[in-house]
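What follows is one chain in structure tokens, specifically the form predicted on its own.
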């Protein structure tokens, strides 16, 4: 009896594993989007039934509120009030990230120190601060600032430091009239310096020897800074250019801006897909793509199409907002140029007090940390620094002990080995968790509402209590914190990629 020939039949599509994997994930995504759309539309319907239309036209309505602090304490519109709250949030986040990073690195190194006292102080700090809720610490700092003595000083009296129930005032360094001209001229002078540095490095690679690349570059940069400091008025000509761009930008039709945004979205998706495919290419050609690769490319296309849908259908006013905001930006930038002869890029003043009626207050000459700002800043900084200290300590301990032994064999001291050998390798390990702490400090800034700090959530809550635009306001909150988080993640990922070891 002849053997039956083997015959392979393709399974029906409802049993195909690829079809099942794709189908389940697409159905899950569709279900999530449909549920989100249903909830949003249901909320919009309920608000419409109550006579509360959902929209963003209220951003141009009068605010009629006064903020505790910020770039504009008496904003004209609700949009301006929200912008002031966003700037306050960014102030706390940026300063908190810088201060907590410095303090965390010092504490992390101190926990590994051979000095018994430094090690114990750092250990007690970390184990105490990180186990107390951050909100409790913020409220505690609010009480501490409120317990300071009253502000008593003669009007006009100058000091280097003030601390009272009205906050803490320090010397302030600020941008003067020639700052932007100084930066522009310094950038122009940095171009030949870059070519000089490139030439010296190439000469060093070809001929060897010590070409003093770093010292020459630093000396030229210092010379360029001195020249730019005194010669900055020659860069006043961009003023007219930026104002011309302002006028041209304001004349862009809304349909043209919508078309530009569409092209940017589609081109951005195509550029990302091309780069993604290029990263999968091998000398033998394009590598085999897996399901995850296809999903990434599909989501890039879906994201671009979703943005196009928002621009043309869901929020057509976005284009008008970009036109108006862009025109204002170019006008603002143009006003920063045109400083007179002798204008300094930077200036500074010591804090003083002023008397208004029966009360003594800080004058705007110094950098003043209001009680609310000080409570939020110190609470977030000290709390986050305790976690950063543990991250840094873990990163240092993860560096192989042989690296320390090799540094000692080369004659490096313990401090030199830490700076030049251990920490550069440790930061390859600590950057990802460090980015998480930066995200936490940014999002935790919304706890400023507990001490009446005028950050974006506190300002937004005040506004939606006036106009009942809760849904629209929370959408602004979500977009703002999403942009902040994605920006921080992008910066941290960029630094992480620069620090990683390149295999050759």
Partner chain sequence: MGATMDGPIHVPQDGDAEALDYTKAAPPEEPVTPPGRWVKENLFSSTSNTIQTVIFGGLLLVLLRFVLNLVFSEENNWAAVATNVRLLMSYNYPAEQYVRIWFTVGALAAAAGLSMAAWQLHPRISVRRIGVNLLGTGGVLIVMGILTPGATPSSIRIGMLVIGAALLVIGAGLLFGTEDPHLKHVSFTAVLLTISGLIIAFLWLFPLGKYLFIDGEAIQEDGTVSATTKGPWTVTILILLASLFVGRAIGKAIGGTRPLRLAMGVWWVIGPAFLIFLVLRDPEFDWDYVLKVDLPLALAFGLGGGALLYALTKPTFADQARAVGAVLMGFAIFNWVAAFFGWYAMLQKVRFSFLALALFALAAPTFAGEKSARLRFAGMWLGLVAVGHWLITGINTPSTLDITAPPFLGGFVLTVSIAYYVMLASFPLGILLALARTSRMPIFRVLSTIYIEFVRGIPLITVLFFFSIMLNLFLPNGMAVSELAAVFTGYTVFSAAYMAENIRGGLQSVRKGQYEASDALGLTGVQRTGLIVLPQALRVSIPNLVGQAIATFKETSLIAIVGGFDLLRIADKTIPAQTAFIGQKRVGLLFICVVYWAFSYSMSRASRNLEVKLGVGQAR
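Numbering follows the first chain given and starts at 1. In this text the structure is predicted, and so the values were computed from the model without any measurement. Take the two forms, superpose them, and find the largest set of C-alpha atoms that agree within 1.5 Å; that set is the rigid core.
If you look for the form predicted in complex with the partner chain, you will not find it shown, but the lines that follow are about it.
Please tell me which of 46, 60, 467, 64 lies within 4.5 Å of the partner chain in the model of the complex, judged by heavy atoms. That would be 46.
So in the model of the complex, does any heavy atom of residue 114 sit within 4.5 Å of the partner chain? Judged by the heavy-atom cut-off of 4.5 Å, residue 114 is in contact with the partner chain in the model of the complex.
Please run the contact check for residue 377 against the partner chain in the model of the complex: heavy atoms, 4.5 angstroms, yes or no? The answer is no: residue 377 has no heavy atom within 4.5 Å of the partner chain.
Just checking whether residue 344 would be counted as a contact of the partner chain in the model of the complex - the rule being heavy atoms within 4.5 angstroms. Residue 344 lies outside the contact set for the partner chain.
Is there a heavy atom of residue 128 no more than 4.5 Å from a heavy atom of the partner chain in the model of the complex? Taking the distances in the model of the complex, the answer for residue 128 is yes, it comes within 4.5 Å of the partner chain.
Of 167-175, 227-235, 252-260, 382-390, which is the one stretch near the partner chain in the model of the complex, taking non-hydrogen atoms within 4.5 angstroms as near? Flagged stretch: 382-390.
Can you tell me which bits of 468-484 touch the partner chain in the model of the complex, meaning any heavy atom within 4.5 Å? 470, 471, 474, 477, 478, 481, 482, in sequence order.
Indicate whether residue 299 shows a C-alpha shift of 2 Å or more between the shown form and the other one, with the rigid core used for the fit. Comparing forms between the shown form and the other one, the residue 299 CA shifts at least 2 Å.
So that I can tell if residue 23 moves, could you say whether its C-alpha shifts by at least 2 Å between the shown form and the other one after the core superposition? It does shift by 2 Å or more.
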